[in-house]
Each structure stands twice: as structure tokens, then as C-alpha cells.
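Only one chain is included here, represented as C-alpha cells and corresponding to the form predicted on its own.
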């Protein structure tokens, strides 16, 4: 069987509606939604095509940069079109709490049941990992580079232009680690303490970036000397020749997860697919095509990922041990939602 790709939003809902007509004529198929671009192309080769072939199903694909509004619209209509969504884990949790996402029966998803509890929730299972890391210019810091968030905050020892993401998620965690909180003691976040620490560094932030592409451009063009950035973005510009590097020390390990829409039209097949998608071998194939780590740590036991490649990945056990694992449960809680709202007023000061 095959995957049928339909990338590019703007018409994702309309596209999916078109796919529904096709769905009615086939016994075993699902509609899978991800974020498009190089990432979705990589997962098609590594995970989706092999899963479709092994299960004997057809996987129709759609893509959308932010699935959350469409999830609410589709489920709210009572006739959801998508089955499985690859989306930031927090949306799966928030959707589960709001009755928009199906609760998972892990007895039918043995590959996920075998994963660490921290990597799954009643509504989701981790699919891939990336990390918010401290990145820097090797031209500015040819040696003795910043290696912690305390270093990032130390403008005397490490002078230079700085950038942070214009978003509280991961940024508050970095502030607390800069203030001495251990990565494994972050949650529940001390929000007051985090914002107080952010007030210290705020006058020294040259750019508050709003997209991964912008963060990569800042480093690549030498507009900043150090910043918070996603590891894959830094690796990409480094491969193109930019003199930049990053450290996983005190990185914030984040994931997207798979979840199933409430009332998904092909629920039973979606459950089968979800189990197959986190198969260790399929998961091990993903980092062969893109700089993301597998969601299932057993992928590192398959010998598919060579040691030198594993050492570059955010979820490789030794790298993961240096980092803070993002608590999406906290960020989807009332306290987390309040922290997100507080961010806007912090930026407007």
C-alpha cells in the first residue's frame, strides 16, 4: 500500500474534505496530518511509506503549520476528517482535556506501552524529539564558549548580541536554569522567579525571534553572537558552512506527538498505524533523513543509527540526560496557560 501526499496548507481543510471521498471507497486507510516541508518528506520515507506497506493500508497525507485551530473546528463540527495528527504534545493534552482527542488504549499499542511513561500520556505518544539549545558563533567564541544558561545571562564574561524566542515555552525553563534551578527540578515552574530572571537579560536581547527560520538566519548572518535555537536549525546552517555550534547542556528536550481526533472516521486503522509509527526500526529510520531524534528510545538499540549519528541527536540517552524534559502536562495546566498569557504583558513593558 502507499501514502498519498497532499502537502501545503491554505487549503488543508478543503484538501482533507477531498480526501474523505476517497476514504469512503477503501476499507483500510487513514488521513495523517503533519507540518509539511522537509520534515514531512523525511517521515514519509522513514515511517509513513514503510508503515503503509507493512499494514497494507493507504495513508492519505495533509499538512498544516498549526493543527490546533483545525482540530477544534473539525471535532466541533461533529464530522472530523483527519484521523491521526502529528502536533506539539501540548495540543494533544489540551485536546484530550477538552474532549477533542481520543483517549488511547495502550493494550492495542504495544510499541507505545513499552516507551517511558514520561514519553506518553493518556492521549498521545511521543513521535520525535527536538531541543531548544544554547547556540553560539564560533567566530565570536573560538574557545571558552558559553555552555549553560547562566553563561548566557553573564553579559560581562560573555559579551555579545543575544536572541531569545518570543514565546514563554522553553524560555521560562532557560531562565530558571540560569537562576540555578536543576533541570530535573523545574516543574511546577516558579513563574514569578522566571520572569524576574528574564527582566535581567531583557535589555541585552537584540532580537526576540518568532520563527525557526529567523533564528537560523540570525546566526548564519552573524546578527547575534548567541541565542536560544532549535538544534536542527543550528545543524542546518552549520552544514552550509556557518561557523556556529550549540550545546545540549541544559537544553530543553521537546517533542511532537501522535494523537487521534475524537470521532476519527477510521479510528481502528488509526490505532494500528499509531502503533506501527513508533516501531523502533521505523523510528530509527527518521534521523537518517533529518536532524530529529526518535520518539521511541528503543530505536537506539536497533543498530540502524550509527554511533556517530546517534551522538548528534537530542534524544540520544546521553544527550537527553544533560537536558530538561519539557512538561507539556504543566504547560497545558491552568498555571501554564496563565504563564502564556503573562508573556504578552512581559513583552509589552
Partner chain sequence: MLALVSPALLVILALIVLPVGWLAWQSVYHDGFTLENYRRVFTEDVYWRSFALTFEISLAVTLIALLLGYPVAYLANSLPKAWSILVLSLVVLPFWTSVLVRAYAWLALLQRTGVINQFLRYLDVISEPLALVHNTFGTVVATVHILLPFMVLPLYATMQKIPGDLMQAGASLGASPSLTFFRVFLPLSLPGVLAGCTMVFVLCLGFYITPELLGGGRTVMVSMLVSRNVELYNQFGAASAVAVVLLLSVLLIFFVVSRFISLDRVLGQK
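Quick caveat, the model's predicted, so the values are computed rather than measured. Positions refer to the first chain, counted from 1.
There is another form of the same protein, the form predicted in complex with the partner chain; it is not shown, and what comes next is about it.
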4.5 Å heavy atom contact, residue 210 to the partner chain in the predicted bound form = yes
**Message:** Under a 4.5 Å heavy atom criterion, is residue 214 part of the interface with the partner chain in the predicted bound form?
**Reply:** yes
May I ask you to check whether residue 224 falls inside a 4.5 Å heavy atom distance of the partner chain in the predicted bound form? yes
**Prompt:** Is there a heavy atom of residue 49 no more than 4.5 Å from a heavy atom of the partner chain in the predicted bound form?
**Reply:** no
Of 144-152, 184-192, 224-232, 267-275, the segment with heavy atoms within 4.5 Å of the partner chain in the predicted bound form is residues 224-232
Checking 197, 262, 120, 94 against the partner chain in the predicted bound form, the residue with a non-hydrogen atom inside 4.5 angstroms turns out to be 94
From 103, 108, 167, 243: within 4.5 Å of the partner chain in the predicted bound form by heavy atoms is 167
Look at the candidate spot formed by 68, 72 and 205 and say whether the partner chain comes within 4.5 Å of a heavy atom in all three of them in the predicted bound form.
yes
Those residues of 315-349 with a non-hydrogen atom no more than 4.5 Å from the partner chain in the predicted bound form are 340, 341, 343, 344, 345, 347, 348, 349
